[in-house]
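Coming up is one lone chain in structure tokens, specifically the form predicted on its own.
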């Protein structure tokens, strides 16, 4: 047992690194007062070290801690997405006037960012139902506090309270689903669950009930309809840095967890070999349920975004719609569909973080997040306005940006698997999204063009971070071969043919 723990610890280096950084951030904050930039630097260094250890795990396929946690190429891909997002969020936080106003103690803020990142890394590799729940709770508890970090503003406190209430309900339903599954199979390990269900004798009705409850828990993390009600209020009330973090990293961890659960727990190798496509065990087809949720998520997200005037709230509904697009890959239930989700996440990271970053910079300068306040922005801050336009074009899915590549592979996976109607719904929803993004273009470049504009000035560090986000958004739209190869190689470890 001791040797097994020691061997597991050697593989667990990225997570151990984050635990050490978390403790260091707390201790340094107690010893060194009012030095948030120093703590942020320590946190940034820790994230890079954790990233180095994650890269070292490439090609590894091992189950550790008595099959509680899996380290494989699939989890490595999502860990890279999460750590990159965390690094950018720390950069945003160091530049945010919203946070660095001299009134807040930011030591614990960065500590919670690390604990949230740790929870999401654990979500990517959890192969035990109890481990899944604990990793979700670690992520959620940290995000509840961070969402209400602007406690002096009413909308922030309201956002945190709503987030906690919805989170508590979803956690309770997730636990109930886990308890039913444990009662049916006698195991919490999803590989063992798969074996027991394959042997037969499991009540189909109870299995359906358990998995519907599990879907509620997963749906909450990825902001899928109808479990999305917390998203707009939390995104609007939370600091923009945390809103960006939740919109990318939390969603990535949620999808990684959901994919591993369904693909490992309900994969029927014999039937899949006969049918030539992914087939689930248990006598129930999950494709149609995920398809319905996907259509509802992207449609409600896009059509509700049309009526929004607050940019954070608009991007919140846009984020809901993008969760719907990514769920289309889960509907396909094969290697092509899952690799398409992974490609989409890699592109979504840069374009969505970039959009929130520009909103943060403009809000810091003009004190507003309203679309009407962006009138004439193309003449006040031409570089930032053009960069923002590129991010919005990418979010729409138009060439030659990275967003086009993400949607291209998703739609191709759907068409190749015979889900043509779902691909058509996705394309029509993309047209709707173009409408509300065009509202922003119109205000930036076509409104107030005949009046004198006072330039908005930004520091060199602002331009550097903006370039770090916009360059990959353009490059991945033209040169995406290595990303596709990385995603396709990463999904194969799940053993799905």
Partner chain sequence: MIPLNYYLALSAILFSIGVVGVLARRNAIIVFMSIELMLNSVNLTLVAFSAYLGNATGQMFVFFVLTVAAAEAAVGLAIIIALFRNKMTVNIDEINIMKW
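Numbering follows the first chain given and starts at 1. What you see is a predicted model; the values in this text were computed from it and never measured.
Another form, the form predicted in complex with the partner chain, is not on view; read the next lines as being about it.
Q: To test your reading of this chain, name the stretch in 398 to 406, 313 to 321, 285 to 293, 421 to 429 whose heavy atoms come within 4.5 Å of the partner chain in the predicted complex.
A: Going by heavy atoms within 4.5 Å, the stretch is 313 to 321.
Q: Answer for residue 369 alone: is it within 4.5 Å of the partner chain in the predicted complex, judged on heavy atom distances?
A: No, residue 369 sits far enough from the partner chain in the predicted complex that none of its heavy atoms falls within 4.5 Å.
Q: Considering non-hydrogen atoms and a 4.5 Å limit, does the partner chain approach residue 157 in the predicted complex?
A: Yes, residue 157 is a contact residue.
Q: Does residue 137 make contact with the partner chain in the predicted complex, using a 4.5 Å heavy atom cut-off?
A: Residue 137: contacts the partner chain in the predicted complex.
Q: Is residue 171 close enough to the partner chain in the predicted complex to count, meaning some heavy atom within 4.5 Å?
A: Close contact exists here: in the predicted complex, residue 171 approaches the partner chain to within 4.5 Å, heavy atoms only.
Q: Find the only residue in 363, 202, 412, 178 having a heavy atom within 4.5 Å of the partner chain in the predicted complex.
A: Of 363, 202, 412, 178, the residue with a heavy atom within 4.5 Å of the partner chain in the predicted complex is 178.
Q: Here the chain is shown alone; which of 303, 383, 191, 182 has a heavy atom within 4.5 Å of the partner chain in the predicted complex?
A: None of the others qualify; the residue that does is 182.
Q: Quick one: which residues from 132 to 147 get a non-hydrogen atom within 4.5 Å of the partner chain in the predicted complex?
A: Heavy-atom contacts to the partner chain in the predicted complex: 133, 134, 137, 141, 144, 145.
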